[in-house]
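One chain comes next, on its own, written out as structure tokens in the form predicted alone.
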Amino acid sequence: MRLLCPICGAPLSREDRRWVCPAAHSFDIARQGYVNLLPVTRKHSLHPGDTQLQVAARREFLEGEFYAPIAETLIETARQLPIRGEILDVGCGEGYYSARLAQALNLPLTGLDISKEAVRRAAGTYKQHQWLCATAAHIPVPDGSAGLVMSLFALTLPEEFHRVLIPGGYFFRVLAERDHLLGLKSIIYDTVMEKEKAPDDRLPGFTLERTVPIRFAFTVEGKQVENLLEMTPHVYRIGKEGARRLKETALLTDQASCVLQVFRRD
């Protein structure tokens, strides 16, 4: 996938171990193979995105294949659609889902995440793909670059996703349902508040083609119980008593409950 300079918007060209634009803005390629296209002016903190601890926990959890049904649903659904062109994974994390989808469809993949730790892990593991540290609000690729955009448990930015998709291209969005991980929530919170979730299925410039529910049970034990917490937003909300109860939990059986929405670019 072609890249754009995040500073001036001009096309980037690869020169050995760096990407450079005609205005001489230069971006080095890291040892692991990713490139950092996140300017300081677009950072909201010194180290935005998931931390090294969170990334490591999610990698260990996902490699345990507890969430394999999500990846399998993505692959099965994509195979039923006339997807052409490249895959762009926005908020790719360490690349678990999109790398499997790209392999199944035999399509090129570019993944981007605001967390440098996440793309470092992705690039180190899935070397055949392109990985960027960048912001989803300003995706550094030309218009019409992708045939499929993915955003799993991440932000939805309809205008930017519409821009980078080819006409008739697809957008895959996975969202957690209100009863997602109730087992974990019942341990870490004194009272579980099930907020009604009503995802907007009307995105400007897109048509919702199908909705695929994804529900399955799984059991984790030992360190994987803590890893499950670390990869969720609940890690920022847990109190002392909830942390104590979780630490005393050696075995947890829970249910994943989410939905895949498939949108087509008008």
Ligand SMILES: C[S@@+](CC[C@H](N)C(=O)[O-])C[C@H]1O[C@@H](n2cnc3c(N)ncnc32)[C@H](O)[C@@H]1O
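Residue numbers run from 1 along the displayed sequence. For clarity, every value in this text was computed on a predicted model and none was experimentally measured.
The form predicted together with the ligand exists for this protein as well; it is not shown, and the discussion that follows is about that form.
- Contact with the ligand in the model of the complex, judged as any non-hydrogen atom within 4.5 angstroms, is confined among 185-193, 75-83, 121-129, 89-97 to 89-97.
- When the ligand is considered in the model of the complex, only one residue from 154, 181, 141, 107 comes within 4.5 Å through any heavy atom, namely 154.
- 62 is the sole member of 214, 220, 62, 229 with a non-hydrogen atom lying within 4.5 angstroms of the ligand in the model of the complex.
- A residue is said to contact a partner when one of its heavy atoms sits within 4.5 Å of a partner heavy atom; residue 146 fails this definition for the ligand in the model of the complex, lying far away.
- Remark: residue 136 counts among the residues lining the ligand in the model of the complex, judged by a heavy atom distance of 4.5 Å or less.
- Taking the partner from elsewhere, residue 114 is found to have a heavy atom lying within 4.5 Å of the ligand in the model of the complex.
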